[in-house]
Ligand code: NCD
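In the block that follows, a single chain appears as structure tokens, in the form predicted on its own.
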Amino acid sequence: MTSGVRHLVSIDDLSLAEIQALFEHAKRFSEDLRAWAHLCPGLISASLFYEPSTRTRLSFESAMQRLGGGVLTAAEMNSSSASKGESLADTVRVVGGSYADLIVLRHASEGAARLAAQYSPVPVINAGDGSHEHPTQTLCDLYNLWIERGRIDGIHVVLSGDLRYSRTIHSFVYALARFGANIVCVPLPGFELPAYVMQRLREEFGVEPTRADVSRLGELARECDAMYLTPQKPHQLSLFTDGKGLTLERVDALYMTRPQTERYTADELQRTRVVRLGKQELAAESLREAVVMHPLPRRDEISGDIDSDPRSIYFKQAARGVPIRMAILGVLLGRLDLGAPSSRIASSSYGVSRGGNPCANPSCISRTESRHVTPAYRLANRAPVRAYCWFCSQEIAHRLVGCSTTGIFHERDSSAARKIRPDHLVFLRDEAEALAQGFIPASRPTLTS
């Protein structure tokens, strides 16, 4: 496995100061996109796309060529050697060996980019991994907010549509929380933010979810159970007016998303409906000054009759993906210096040392790849013991924890469980699984030789 190479797997891989520095570089690039061909001559990026893409792939390839570099494109990876059984780990080792100086990866499995980064000898950029994250789209979205509003801290952003399966939304909501923006979730019924995203917002970013009164959004939120997510600030409590929760007075940006039907179950496809934004909805009082954003492609969630409205910036948003990706490429290829403090200290991960894979997510790369993947976890809490899959970030379901050295299992909220070394933890759903794996309960005396 490689070390010393910087990757962009998650939006968390960049500090807020580094993100701000990227914005400054992107703004310089945008003044004349043709003036930077001297920056990366002789360097090559490889586009490895296991899922379809138009804007992300073309904007990265445009960005690389505008920097003077070359591009290798594999836009249909599922018909390449992957169809012959080649693992993702082997693919990135081959491509990063001498073919390319950087890999842009899109993959259907959650956590695929993290796995690729473990094996690639060159930087890996996550261009979307399942419904997990899409950090470069988030950087593009943040850059647009910064350009349009001049700041991100304290602004009010409404997220509407499919919030459950949209990887763009998951990366975006983490970044907005880190910047101190106020987030209002107006999801399709049944497609709210996943529990693991909400849990992380609470634990790591101090976000307090509260019911939101979004009556000022009119028809857009007629059937939605809206949620207001904001950093815990005492003065926010003064916004309470009645039992409906915090009142939404104004919106700085409205971010629409399409139904991610390619990830839906048959039942979800049956009950899907579309939140539609047209002239009538955009006339809502709170949206008077809001910019309308969308990561594209759109379906029916935004009517074409508002394309000419000056508040609709989704085509500008897509165009600005080129300069921000030029900045990302320049940094990871060592041609640009951010001149800012690096990212926060990364969470430690621990490989699973005993038993099976504790991650139950069938779309996780630790489940979909049969080789070169060691299931791993990161600890979120010690009292009680709670952990997340290192690859897909979903919480590991367990009631008991065992110690791989003593062979004893404990309740996850016991004092004994808290004393087990992180790398010795074994996550067990119940006593039957514990006994099947050869563990004994803490109350049973052990035999001595």
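Treat the numbers as computed from the prediction; the structure is a model and nothing was measured. The first residue of the shown sequence is 1; numbering continues from there.
Just so you know, the form predicted in complex with ligand NCD exists too; it's not on screen, but the next bit is about it.
Single option in 296, 338, 379, 89 placed near ligand NCD in the predicted bound form, where near means a heavy atom within 4.5 Å: For this set of options, the contacting one is 296.
Heavy atom within 4.5 Å of ligand NCD in the predicted bound form - residue from 118, 109, 168, 230: Flagged contact: 168.
Contact test in the predicted bound form: residue 354 vs ligand NCD, heavy atoms, 4.5 Å: Contact with ligand NCD, no.
Non-hydrogen atom contact residue 56 with ligand NCD in the predicted bound form at 4.5 angstroms: Heavy-atom contact with ligand NCD at 4.5 Å: present for residue 56.
Contact label in the predicted bound form: residue 126 to ligand NCD, heavy atom within 4.5 Å: No.
Ligand NCD contact at residue 260 in the predicted bound form, heavy atom, 4.5 Å: Output for residue 260 is yes: heavy atoms within 4.5 Å of ligand NCD.
Proximity to ligand NCD in the predicted bound form (heavy atom, within 4.5 Å), stretch among 367-375, 67-75, 296-304, 96-104: Looking at the other structure, the answer is 296-304.
Contacts with ligand NCD in the predicted bound form - residues in 115-154 whose heavy atoms fall within 4.5 Å: In sequence order, 134, 137 come within 4.5 Å of the partner.
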